[in-house]
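The chain below stands alone and is given in structure tokens; this is the form predicted on its own.
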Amino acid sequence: MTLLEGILLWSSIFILVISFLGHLAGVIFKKERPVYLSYISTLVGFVFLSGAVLTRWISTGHMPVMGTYENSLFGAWFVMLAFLFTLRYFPKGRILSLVVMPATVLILGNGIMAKAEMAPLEPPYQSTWLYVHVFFAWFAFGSYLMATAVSIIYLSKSSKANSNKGTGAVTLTPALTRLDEICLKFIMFGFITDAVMIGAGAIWAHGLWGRYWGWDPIETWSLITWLTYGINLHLRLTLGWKGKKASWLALFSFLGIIIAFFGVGFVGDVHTQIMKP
């Protein structure tokens, strides 16, 4: 990690933490101004994070896709991009920062704990399909994380509404029906991009190992996660699931994402070897 990259990265983390605290204060004290200021600081934090990604890209000569650190750095950037895209169309979605900001900081923290050595692109990564695979993997992850954040807010608001206790969290969020709709859209987008990720990964694997599928831990859990979110869509669109039970299902489904992205990387197998720093 270069000095400039380190400054940009740690500045981004600091700003995102401040953004989270500002939004939390706004929700607790029912003040709009801290929420607005936290949104501005989120934009600034995203700019610093983008600078860290760009600096890493220029320094290594390749897109940051090798090892835990680079994947965490690029993944956090995609999560922030998905969040800001959400705010572009759903301004009241700013409260999602109460979930997204801590998640982003944890992802970056997970990467910082790994090695951040500068290295040229290794042979297994020298494939166009890798870029397709990685881009769509993080698009899917960002979408699923946003669906999870929306589900948490939905359940919180629903609980407060049922107990007739109006709080800042209730007044600063969209209506329950709108939250349910947003969650569905994120799951649909994540499901489609996840399918592209799996397909591109299979083509990349064939060129790398001579087979499209090997049932190693990451491949298996990626498929399980995709099928789980497929069940989400089936229950929502075909059987009419909505509201609390749909939100709880979305939360449960995200466990597969956690295992696929952060759990099975510790299991030794042919797929996981190239993910290690």
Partner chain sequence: MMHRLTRLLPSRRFAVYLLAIMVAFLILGTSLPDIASMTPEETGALKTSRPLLFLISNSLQIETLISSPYFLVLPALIFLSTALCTMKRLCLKTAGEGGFYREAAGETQLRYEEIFSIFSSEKWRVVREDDTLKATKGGYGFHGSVLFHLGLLVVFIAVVVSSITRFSAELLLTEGFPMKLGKDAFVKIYKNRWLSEVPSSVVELKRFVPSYEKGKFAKDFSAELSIDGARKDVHVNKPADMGGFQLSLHRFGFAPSFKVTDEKGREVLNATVNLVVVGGKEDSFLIPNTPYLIYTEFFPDFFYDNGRFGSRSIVPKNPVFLLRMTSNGRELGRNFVRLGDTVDIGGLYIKFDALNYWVDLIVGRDYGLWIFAAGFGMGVLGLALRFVFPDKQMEISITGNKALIKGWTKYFPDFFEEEIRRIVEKLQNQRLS
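As the structure is a prediction and not an experimental result, all values here were calculated from the model. Positions refer to the first chain, counted from 1.
In what follows, reference is made to the form predicted together with the partner chain, a form of this protein that is not presented.
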property: In the model of the complex, the residue from Ile152, Leu81, Leu184, Ala116 that sits within 4.5 Å of the partner chain by heavy atoms; result: Leu184
property: The partner chain: the contacting residue among Pro102, Pro91, Pro120, Gly109 in the model of the complex [heavy atom, 4.5 Å]; result: Pro120
property: Proximity of Gly214 to the partner chain in the model of the complex, heavy atoms at 4.5 Å; result: yes
property: Trp221: touches the partner chain in the model of the complex, heavy atom cutoff 4.5 angstroms; result: yes
property: Partner proximity in the model of the complex: Thr228 to the partner chain, non-hydrogen atom cutoff 4.5 Å; result: yes
property: Contact of Leu98 with the partner chain in the model of the complex (heavy atom, 4.5 Å); result: no
property: Interface stretch in the model of the complex with the partner chain - options 49-57, 36-44, 206-214, 23-31, non-hydrogen atom within 4.5 Å; result: 206-214
property: Contacts with the partner chain in the model of the complex - residues in 180-205 whose heavy atoms fall within 4.5 Å; result: Glu181, Ile182, Leu184, Lys185, Met188, Phe191, Ile192, Ala195, Val196, Ile198, Gly199, Ala202, Ile203, Trp204
